[in-house]
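In structure tokens, the next block holds one chain alone, the form predicted alone.
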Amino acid sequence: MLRLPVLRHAAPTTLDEAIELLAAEGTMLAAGGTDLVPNLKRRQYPEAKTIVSLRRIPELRGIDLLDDGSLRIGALTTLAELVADDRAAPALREAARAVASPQLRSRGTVGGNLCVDTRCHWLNVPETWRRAAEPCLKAGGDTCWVAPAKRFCWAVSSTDLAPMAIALDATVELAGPEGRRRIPLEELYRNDGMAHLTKAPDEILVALVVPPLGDRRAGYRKLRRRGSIDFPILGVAARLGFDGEVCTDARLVVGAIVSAPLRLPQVEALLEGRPLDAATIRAAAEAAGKAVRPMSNTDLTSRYRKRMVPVFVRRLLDELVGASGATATS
């Protein structure tokens, strides 16, 4: 049985207190703990000395409808609570429902899934396995053993919520010693397996803010080996707006391809300003497949996942076009 290392524990009751605690070296935040605890048991964070639980901070909980119709979702809102709230866009609830299993969704949080660590089949194994080889970049070594010829970490983004929320033009609220700020969710990520979040180490994600969907359509599709539990090995999120049969605006974001959710503006440009017939959708799907180069660091091959990108994009776009009342002729 894997056991947790010896750690100090703090449970602040205010956001300011939590931010102050983050100043100490070796401090890590815990929300639901569904990803953090297994990683600690595998000794993936040898620098960890203190765990700061956020669960006693009321400000981080709850879902509120704002005056402009946006939905403000506290970072400690569980995925199960988001799934159950019919004020949220169905596509966002769909992405939350795709995470793990009902038991894990009852503990896992919105903020935790947005900030979930990148994954690597070289690193995310018990410590005894890692001792059999030299450490990788993320474990303090000087080589990425997934791609030894590369000079950066190939750990893969594993969040389900982020691609969908980016497609919905969501923003996030961050709080730190310098005060509060709001940024587009897309700007929270960088394509770096070791440092995939742009927020400062002493900042805390407070809330996700999702603007109203209006009469636009959105959806999320996930590829994984099993029908539940597993992290994505491909996620596809899309949002479409229509004026009659003409697509007026489009968002397309893929996940679990590289170390950050990847928006595909070149594919969006193929969709906007024209009716989405079968030929247009097929061209956009093929362009999506050509635009991505999946990292070879999941439990199915990168070649297979690349082949699945146009399949999942086409299926999702076909569904959204049909739901909009527009027609895609074969």
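Note that the coordinates shown come from a computational prediction; the quantities given were computed from them, not determined experimentally. From 1 onward, residues are counted along the sequence shown.
As for the form predicted together with a small molecule, it is not shown, yet the points below apply to it.
Inset, instruction - Using a 4.5 Å heavy atom cut-off, indicate which stretch of 33 to 41, 262 to 270, 289 to 297, 62 to 70 touches the small molecule in the model of the complex. - result: That would be stretch 33 to 41.
Inset, instruction - Consider E203 of the chain shown here, and say whether it contacts the small molecule in the model of the complex, taking contact as heavy atoms within 4.5 Å. - result: Answer yes; at least one heavy atom of E203 falls within 4.5 Å of the small molecule in the model of the complex.
Inset, instruction - May I ask you to check whether V210 falls inside a 4.5 Å heavy atom distance of the small molecule in the model of the complex? - result: V210 lies outside the contact set for the small molecule.
Inset, instruction - Considering only heavy atoms, tell me if D230 and the small molecule come within 4.5 Å of each other in the model of the complex. - result: Answer yes; at least one heavy atom of D230 falls within 4.5 Å of the small molecule in the model of the complex.
Legend entry - 4.5 Å heavy atom contact, A284 to the small molecule in the model of the complex: No - in the model of the complex, heavy atoms of A284 and the small molecule never come within 4.5 Å of each other.
Inset, instruction - Let me know the one among R93, R216, R221, R224 whose heavy atoms come within 4.5 Å of the small molecule in the model of the complex, would you? - result: Residue within 4.5 Å of the partner: R224.
Legend entry - Heavy atom within 4.5 Å of the small molecule in the model of the complex - residue from V146, V83, L104, A139: By the 4.5 Å heavy-atom cutoff, the listed residue in contact is L104.
Inset, instruction - Please state whether all three residues V236, C247 and V311 have a non-hydrogen atom within 4.5 angstroms of the small molecule in the model of the complex. - result: The answer is no: none of the three residues contacts the partner (heavy atom, 4.5 Å cut-off).
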